Every structure is written in C-alpha cells, then in structure tokens.
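The chain below stands alone and is given as structure tokens, in the form predicted alone.
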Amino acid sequence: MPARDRTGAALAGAFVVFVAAGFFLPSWAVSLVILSLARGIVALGLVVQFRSGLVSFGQALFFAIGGYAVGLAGLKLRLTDMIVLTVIGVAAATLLGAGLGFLMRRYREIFFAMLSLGFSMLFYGLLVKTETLGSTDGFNVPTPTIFGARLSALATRTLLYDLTVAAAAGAALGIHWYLGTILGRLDTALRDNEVRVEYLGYAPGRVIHVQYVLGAALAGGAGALTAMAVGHIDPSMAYWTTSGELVFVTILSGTGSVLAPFLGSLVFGLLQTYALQYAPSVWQMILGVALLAIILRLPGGLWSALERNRARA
C-alpha cells in the first residue's frame, strides 16, 4: 500500500479513536487533548518550514491573532458559533500572514527567525499597551455555541473536543496532500540549494511565501480553538516563550510525518501536566530535563523511533 494511503488510513483511525475516547475521558484529559492537538496544529505548520530549513520564532503572533479574533468577534459582533469563530481565526491569521509573507520571503536562516520573533514581540507590546484589549490581563471569551444554540458546559466541551479532533485530522490530511504536490516536494531542495530550484523554473521566494501563509493559517485556527477551550485570552499568547514552546514541540516531534507534531505535543502536554501536579515548585526543571533527555536520545524526534522500529521490522 502506498505511503500516502497508509497516512490517510492512520489519520482516519486516529480520528475515530480520539472521538470515541472523548466519551470516556475525564474533564481534565479532554482539556489536555484539546490544547495538545491545537498546539500540534501550529507545530504542523512549523514542520513545513523546518523541511525547507526555516525556523520561525514568531509563530505565536498568528496563534494570538486567532485567539484575539475569536474574543473580539464574540464581544463586538456577538458571534459565538464555534465553527464560525474558528473560520474567523483562520481568516485573520491568513490575511496577516499573506501580507507579512512579502517581506519574510526575502530572508533566510537567523534573519528569518529573528524577524518573525520581532513581529511577534511587536504585537505583544501592542496588546500590553492597549487598554481596550484588556492590557496585561486580557479578557474572557464568551461561551461558544453550536449553530447559535447554547448547550450545557459538558455538551459544549464535548463538541469543542470533536471540532478540535476534526480540525487536527483535516489539517494533517491537507498538509500531507500539500507535501505531495510540486511545491511541497521543493522543500528539501530549498534547504539544500535554492539556485537549483531557480534553474528548475520555480521562484524560491514564492514557495517560502506559500509555506509562511500555511503556517499562519494553521496557527490562527489553533489559537481560535485554544481561546474557546480556555475561555480567556491575554498577551502571553504572543510572547516569545509561547513561540519557543511551539518550536521545541516541533523539534521533539520530528518532521518525518504529519502525525509527528501531534504525538510530540501530546507527550509534551502529559509531561507538563504531571510535572506540574507532582512537583509544582520545580516542574519546569523536570520538564526541561525530561524533554532534553528525549531529544538527546532521539535527535530526529519521537517519530524517528517509530521509523527505526519499522525499518527493523
């Protein structure tokens, strides 16, 4: 069976398993899965950039744009439908990414990373100084509904969980399809030798622009889902530590498959949750040591262990 068919089957199987598990998981686990899958969606966009040799330390910009778009749409426009809000978050981040992409496509390596970080911190500073957006405290997001109908807290959480699972599966399937197109196949060529890509008749800047917009759209949707799940947004969504966490999850996951970011994000979420629960005073140290040990043992990310076992088999 072709690799593409196996990936599609794996995504379909994972979708069914996660949706079914949602009926049995406790409330804290449902929240953990929602936030982990949302973080994995952002990492999925970073995987595309990583494959081209680019590292964005400012992905939190689009993550925060998606979250604040949801919050403002709920407060100012009275929109509460979770599907509509997710689309709004994606659209807002995509438009911003399309505009900034004309500048970002000109830079590579450390210049790309630092410029993306600069835009994110610029937005963070704007949020902190803007009283109408809640300044440092942020503001609460209205309770999401489905098709305008208000449901119980449990039903709302379940529907948001299912929406997040569906969004993660759809994003992974879409990126898997993209990586199989001509533009997607140029990623490693861009990383190795851009001049040869130009000789083939393709503009490297245009390919980078497409990848940047894809990453922005995915981060915006993830930010929207996170804002609805948490019920609150604040400037920390755009802070550099959030971007660093997303990059770290991507490194932890590996770039061998579109499933890798979700595996890495779930592992990261579990480690963070249990470290915070059992060692609240030193949880960051425990988390850092555990994750660094995994990366040192598996430089290619968690997915490389699965590939290694498959190769042995």
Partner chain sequence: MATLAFIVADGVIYASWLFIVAVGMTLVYGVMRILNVAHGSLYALGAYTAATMVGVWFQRGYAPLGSFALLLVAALLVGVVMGLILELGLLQFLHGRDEVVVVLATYATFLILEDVIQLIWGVEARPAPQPYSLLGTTSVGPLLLNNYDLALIALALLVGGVGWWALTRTIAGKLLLAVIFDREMAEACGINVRRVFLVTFLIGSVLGALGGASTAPMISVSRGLGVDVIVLAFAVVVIGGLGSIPGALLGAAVIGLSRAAAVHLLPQAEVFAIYLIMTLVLIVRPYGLLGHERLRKV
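Numbering follows the first chain given and starts at 1. For clarity, a rigid core is taken as the largest C-alpha set superposing within 1.5 Å between two forms. Just so we're clear, the structure is a prediction, and the values are computed from it rather than from any experiment.
The same protein has a further form, the form predicted in complex with its partner chain, not shown here; the description that follows concerns it.
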property: Every residue of Asp81, Ala153 and His232 near its partner chain in the predicted complex, heavy atom within 4.5 Å; result: no
property: Partner-contacting position among Leu271, Leu259, Val30, Ile251 - heavy atom within 4.5 Å of its partner chain in the predicted complex; result: Ile251
property: Its partner chain: the contacting residue among Met114, Ala166, Val87, Ala189 in the predicted complex [heavy atom, 4.5 Å]; result: Met114
property: Contact of Lys129 with its partner chain in the predicted complex (heavy atom, 4.5 Å); result: yes
property: Heavy atom of Leu133 within 4.5 Å of its partner chain in the predicted complex; result: no
property: Its partner chain contact at Arg206 in the predicted complex, heavy atom, 4.5 Å; result: no
property: Asn193, heavy atom within 4.5 angstroms of its partner chain in the predicted complex; result: yes
property: Stretch in contact in the predicted complex with its partner chain, which is absent here, among 219-227, 100-108, 137-145, 155-163 (heavy atoms within 4.5 Å); result: 100-108
property: Sequence-ordered list of residues in 271-299 near its partner chain in the predicted complex, where near means a heavy atom within 4.5 Å; result: Ser281, Val282, Trp283, Gln284, Met285, Leu287, Gly288, Val289, Leu291, Leu292, Ile295, Leu296, Pro299
property: Core-superposed comparison between this form and the one not shown, Leu263 Cα displacement 2 Å or beyond; result: no
property: C-alpha of Val48 off by 2 Å or more between this form and the one not shown on rigid core; result: no
property: Threshold 2 Å Cα movement between this form and the one not shown at Gly288, rigid core reference; result: yes
property: Closer or farther: C-alpha pair Arg51/Leu287 in the predicted complex, relative to this form, given a change of 3 Å or more; result: closer
property: Change in CA distance between Ala29 and Leu291 in the predicted complex, which is 3 Å or more, as closer or farther; result: farther
